[in-house]
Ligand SMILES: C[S@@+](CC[C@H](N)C(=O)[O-])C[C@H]1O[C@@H](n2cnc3c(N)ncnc32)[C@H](O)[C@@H]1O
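Taking the form predicted alone, here's one chain by itself in structure tokens.
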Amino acid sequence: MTSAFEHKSTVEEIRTHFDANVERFSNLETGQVAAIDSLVHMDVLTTAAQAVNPGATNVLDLGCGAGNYTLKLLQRFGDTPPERVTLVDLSRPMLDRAVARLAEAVPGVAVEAVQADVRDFDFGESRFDVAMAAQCLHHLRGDDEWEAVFSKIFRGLTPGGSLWIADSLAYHQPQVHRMMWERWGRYLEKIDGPEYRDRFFAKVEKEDTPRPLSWQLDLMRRVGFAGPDVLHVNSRFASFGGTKALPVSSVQNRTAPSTNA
């Protein structure tokens, strides 16, 4: 029996593609141009992450690319950035660029760069205060992979920690999916014409297996995330996130009246 995803790109093919496109992902002012509202997603996601976890000390960036999201997040913390950042990506050239950019922008932050598939990364237990995944998770294939990765991220977060995702979407209804695909096509044409659109669509068809937003929100709730909250949606792209709720005892201790009055 053959896999439903056997025609999709292998991990090695995806790695090779990103190895060759470091420059395209290295501009904080333009973001990922082919993604609609790329800068809006980066802005609202990093603002929400800092607002929910203002005292974060350990940040994880999954599929970090050249480091745009981490750089933007660290800007949100001003003079008191997190102590440690862990970058995970398939591409070593992407990681090298991200590390160099972070060293220049925030030299006091400890950076660990891990070349790995997110499916294989060891998230540990209660390790990270904030996890981000931008334009990364759509490379997951079957339901089992999606659930396993979301569950591992949840376990890897500290109590009260948060996960923030910006990614492309599929739609449940074929007519709506086709409509959104056509809208995206018109957007890509405006960037660099029909040939660019067709090349990009061919790459997406080969590499990506996105899921509907409602499906991902349900999955987040199922593995334990509180919320989640949707930050921004436009056509085939959304940003959203949720928190790993504090234990009941911790919440009670925070809200209990003082006995020292």
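Bear in mind that the values here come from a model prediction, so they are computed numbers and not experimental data. Throughout, we count residues from 1 along the sequence that is shown.
The protein also exists as the form predicted together with this ligand; that form is not presented, and the subsequent description refers to it.
Although this ligand is omitted here, in the predicted bound form all of Ile14, Phe25 and Met94 have a heavy atom within 4.5 Å of it. Taking a 4.5 Å heavy atom cutoff to this ligand in the predicted bound form, the contact residue among Arg178, Lys190, Arg119, His172 is Arg119. In summary, among the residues Leu73, Leu163, Cys136, Val85, the only one with a non-hydrogen atom within 4.5 Å of this ligand in the predicted bound form is Cys136. For this ligand in the predicted bound form, the listed stretch (216-224, 49-57, 230-238, 65-73) containing residues with heavy atoms inside 4.5 Å is 65-73. Shown alone here, Gln32 lies within 4.5 Å of this ligand in the predicted bound form, counting heavy atoms only. This ligand is not shown here, and in the predicted bound form it never comes within 4.5 Å of any heavy atom of Val130. This ligand in the predicted bound form comes within 4.5 Å of a heavy atom belonging to Leu90.
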